[in-house]
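Take a look at this single chain, the form predicted on its own, given in structure tokens.
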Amino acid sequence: MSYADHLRAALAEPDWVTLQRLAEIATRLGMSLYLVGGPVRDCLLHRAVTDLDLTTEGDALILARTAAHELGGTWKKFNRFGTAKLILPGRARFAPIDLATTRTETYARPGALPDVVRGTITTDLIRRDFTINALAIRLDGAQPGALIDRHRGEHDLRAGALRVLHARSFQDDPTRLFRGVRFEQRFNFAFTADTLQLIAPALPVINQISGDRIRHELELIWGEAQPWQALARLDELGILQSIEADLHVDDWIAVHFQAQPTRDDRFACWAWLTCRLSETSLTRFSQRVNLARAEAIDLEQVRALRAAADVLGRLNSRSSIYRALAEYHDRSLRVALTVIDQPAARAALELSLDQLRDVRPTLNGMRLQELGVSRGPMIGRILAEVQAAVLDGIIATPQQEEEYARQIMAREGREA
């Protein structure tokens, strides 16, 4: 079976047709065209290929513009790296095709984004993270389907080996550590001994990459079939501790990632990883990975709810549960249900979410002023007491609310 046959078997028929048409356009423009990286790897592993990553030794922007015009699609250019996203009819959910000009990369300092100049398919492949991704299949020309393998990538695929292409690979780009761990777990591969030795010297460089890049790599792990295994490997290799010294993965985290039906909830994944950190450590971690403020606040709420589980479990009235949980966000309460083991505390959270959060008396501040209450904090105190009485079933009708408020007013008057 030829590489072209392997590729056709791995692609949906509309994608195969799309590649054929793009190859025809590239040939007419006098440009080479290659499928590169992960799609080639997946093709050789007999996995379905859905992402289309293409590169040309010509001008990718010209090719993208021409293809969009001729094939009825749209395109968007990214000048810094000479890349484009091409959206064509027939692709599932109109998924973009990544199209890049072959390039050479250099790094001004460890962990920096690369400086890019145009190159050849040879220089383009050697800049990649692992040999199994330094593969290309030629699409244009007289012999479409030829495999370009300068670094024994196909051999490493068959051996289940993860090997970097040069000794400074992880120091140039420490995010390759995260990707390598993902590939290890996804494909049941293993770092080669020489590659494994390069990890520890690169760990300090993690401090030099942005929080956005780290967050992105961790969120890609959430999308893996077995994210807890990747997290455990990051822990084992010291990569997690390079992000936050107090962060560790144990059986508790593994169980939660495996057992929960909400594993596709990105926020829940963050919570399972971090909810047992101290308040200080969690704040430091959230800042390091540049979490959105709303996510950081809700993660702290989940941590606080878990820490307060014993207290929550001892609350014995609906109004006390309401008061204890009123300031917590719905998302925090829902995810806290997945990390709290005490049945009584879970019952309090469920009661709050299902029954208490929307309970409001019909009585309002305007009516209290009509009854003679002056504007000020007393209005809030009366409404809070009325609401508590409604929650606890002491009163139920608008008339009872008003009478209850009059009783409070009379009591306040006597106390004054």
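Since this is a predicted model, take the numbers as computed values, not measurements. Don't overthink the numbering: it's just position in the shown sequence, from 1.
The next section is about a form of this same protein that is not shown, the form predicted together with adenosine-5'-triphosphate.
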Would P361 count as touching adenosine-5'-triphosphate in the model of the complex under a 4.5 Å heavy atom rule?
no
Check whether N133 has any heavy atom within 4.5 Å of a heavy atom of adenosine-5'-triphosphate in the model of the complex, and answer yes or no.
yes
Does adenosine-5'-triphosphate come within 4.5 Å of any heavy atom of R266 in the model of the complex?
no
Considering only heavy atoms, tell me if R186 and adenosine-5'-triphosphate come within 4.5 Å of each other in the model of the complex.
yes
Residue among T274, T338, T175, S242 with a heavy atom within 4.5 Å of adenosine-5'-triphosphate in the model of the complex:
T175
Note: exactly one of R128, R163, R346, R233 sits with a heavy atom within 4.5 Å of adenosine-5'-triphosphate in the model of the complex, namely R128
Within 4.5 Å of adenosine-5'-triphosphate in the model of the complex, heavy atom basis, the matching stretch of 120-128, 192-200, 70-78, 152-160 is 120-128
